[in-house]
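Let's start with one chain on its own, the form predicted on its own, as structure tokens.
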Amino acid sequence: MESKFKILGHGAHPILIVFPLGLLATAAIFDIIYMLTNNQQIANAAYWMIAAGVVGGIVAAVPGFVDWFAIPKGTRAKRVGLIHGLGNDVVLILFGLSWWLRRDTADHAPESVAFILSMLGVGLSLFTGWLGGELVERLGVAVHDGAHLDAPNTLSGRPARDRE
């Protein structure tokens, strides 16, 4: 089933998720570094990475929802996609709450609850990312019909099933 929301012929959701996923994961790593070093600049950087990651996650969710809506009802892909999407909503909420709790602290340093929320968010994102891989690699969501190892370039305008 091909993606319904595309950028230059490729599914927009897999393209867009790399930014929020990378930002939020790096923010969690920076939180750990902050806890070990008490470096205020690291805490401040994590704060702004979370802000950008949450905004990027909301943007990436839009084409993900469009693609999920196109999956036929009653399929395993529809159920897995629902868990993937709702789980990622929870990830954004966890990080959003972590960000909110830091807004009035010195250099946006995470206190214990904000830190725990970030760790829960990154942990859950590992599971939801695995579900995203399951959707694409196992269930064929957002894969061009007829895709194969010698398919022509997307920008060629030729269908994937064509042989070069």
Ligand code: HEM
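Since we're looking at a predicted model, the values are computed, not measured. Residue numbers here begin at 1 and follow the sequence given.
We do not show the form predicted together with this ligand, though everything after this point is about it.
Just one of Ala43, Ala114, Ala28, Leu135 comes within 4.5 Å of this ligand in the predicted bound form, counting any heavy atom, and that one is Leu135. Interface residue among Leu101, Ala61, Ala51, Ala109, judged by heavy atoms within 4.5 Å of this ligand in the predicted bound form: Ala61. Picking from 62-70, 115-123, 33-41, 101-109 the stretch near this ligand in the predicted bound form, with a 4.5 Å limit on heavy atoms, gives 62-70. Taken together, the three residues Ile7, His144 and Pro152 all stay farther than 4.5 Å from this ligand in the predicted bound form, as judged by their closest heavy atom.
Though the partner is left out of this view, Gly96 does not reach within 4.5 Å of this ligand in the predicted bound form, counting heavy atoms only. In the predicted bound form, at least one heavy atom of Ile17 sits within 4.5 Å of a heavy atom of this ligand. In the predicted bound form, none of the heavy atoms of Leu23 sits within 4.5 Å of a heavy atom of this ligand. For the stretch 79-96, the set of residues having any non-hydrogen atom within 4.5 angstroms of this ligand in the predicted bound form comprises Gly81, His84, Gly85, Asn88, Asp89, Leu92, in sequence order.
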